[in-house]
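Next comes just one chain, in structure tokens: the form predicted alone.
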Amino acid sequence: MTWCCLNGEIMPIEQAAISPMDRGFLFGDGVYEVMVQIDGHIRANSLHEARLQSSLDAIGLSVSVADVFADVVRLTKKTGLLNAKIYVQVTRGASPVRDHGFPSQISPTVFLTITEFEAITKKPVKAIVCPDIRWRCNSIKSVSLLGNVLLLQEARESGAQEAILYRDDLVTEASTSNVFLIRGQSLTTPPLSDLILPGITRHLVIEMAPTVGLDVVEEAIRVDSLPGADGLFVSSSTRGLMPIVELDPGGLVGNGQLTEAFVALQAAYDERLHYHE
């Protein structure tokens, strides 16, 4: 049985009911978080709390993040899962009339769900390279993900597993993850901006990199420089570190093999999964 928590009430997912007038459904007016729980502990819990608060503030939605995460704890205890993927969504709620403007009186909708999760080391994959068609406020973890959906579908229809995105010839991120490039002992990722989500795994990778001898550089990456890198990978909470060894267009990245630097970083990340803060 799959369990969820809707506005503080834990129930089987089949019993959950949300109004069709909910602004999350009508306008994508809401934000979300995706977290992984390993060995009974949510990885980087405090970072997820802070990012949810930042997203809520950015869209002018007042919800107690402490209460939301208290419900997360209640839900995880209910299921008894030690390793799980946890989804948190907060929308502005339902109003009687569909109108673009914020309603004056409305109660937010807080929805949580939890499913089994297994952290698996990802095999090298192929990615397409294409223009970033999403809106410009990607630092907000918005539920309005149509651009991401279309980009990932384009990748899959091309026989790839991810889409590396760019604006004005500069890499932003991927359809569902942040982008890292390896040259020698240097690890480069685009600096945070309104075009890039402050990924939790991105944060952890930047922390870990010096422990395996990598110097971290946060600077713009030209999209035409990607094939010339020694290594390329993307990062996210559910995918971990996923190496990209082939690009379309662009061909092989480096020699098409995993670098020693990436293998060391992957090992450090796998170990870090079992530490929690």
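Fair warning: this is a prediction, and the values are worked out from it, not measured in the lab. Residue indices: 1-based, along the sequence shown.
There is another form of this protein, the form predicted together with N-(5'-phosphopyridoxyl)-D-alanine, and it is not shown here; the text below is about that form.
Enquirer: Name the single residue among 220, 34, 65, 38 that comes within 4.5 Å of N-(5'-phosphopyridoxyl)-D-alanine in the predicted complex, judging by heavy atoms.
Expert: By the 4.5 Å heavy-atom cutoff, the listed residue in contact is 34.
Enquirer: Please identify the residue among 176, 76, 109, 188 with any heavy atom within 4.5 Å of N-(5'-phosphopyridoxyl)-D-alanine in the predicted complex.
Expert: Of the candidates 176, 76, 109, 188, 176 is the one lying within 4.5 Å of N-(5'-phosphopyridoxyl)-D-alanine in the predicted complex.
Enquirer: Could you tell me which of 98-106, 121-129, 67-75, 141-149 sits within 4.5 Å of N-(5'-phosphopyridoxyl)-D-alanine in the predicted complex, going by non-hydrogen atoms?
Expert: Selected stretch: 141-149.
Enquirer: Quick one: is residue 238 in contact with N-(5'-phosphopyridoxyl)-D-alanine in the predicted complex, heavy atoms, 4.5 Å cut-off?
Expert: Answer yes; at least one heavy atom of residue 238 falls within 4.5 Å of N-(5'-phosphopyridoxyl)-D-alanine in the predicted complex.
Enquirer: Is residue 197 part of the interface with N-(5'-phosphopyridoxyl)-D-alanine in the predicted complex - any heavy atom within 4.5 Å?
Expert: Residue 197 belongs to the contact set for N-(5'-phosphopyridoxyl)-D-alanine.
Enquirer: Using a 4.5 angstroms cut-off on non-hydrogen atoms, would residue 161 count as touching N-(5'-phosphopyridoxyl)-D-alanine in the predicted complex?
Expert: Looking in the predicted complex, residue contacts with N-(5'-phosphopyridoxyl)-D-alanine do not include residue 161, since no heavy atom lies within 4.5 Å.
Enquirer: Although N-(5'-phosphopyridoxyl)-D-alanine is absent from this view, report whether residue 134 comes within 4.5 Å of it in the predicted complex, heavy atoms only.
Expert: Yes, residue 134 sits close enough to N-(5'-phosphopyridoxyl)-D-alanine in the predicted complex that at least one of its heavy atoms falls within 4.5 Å.
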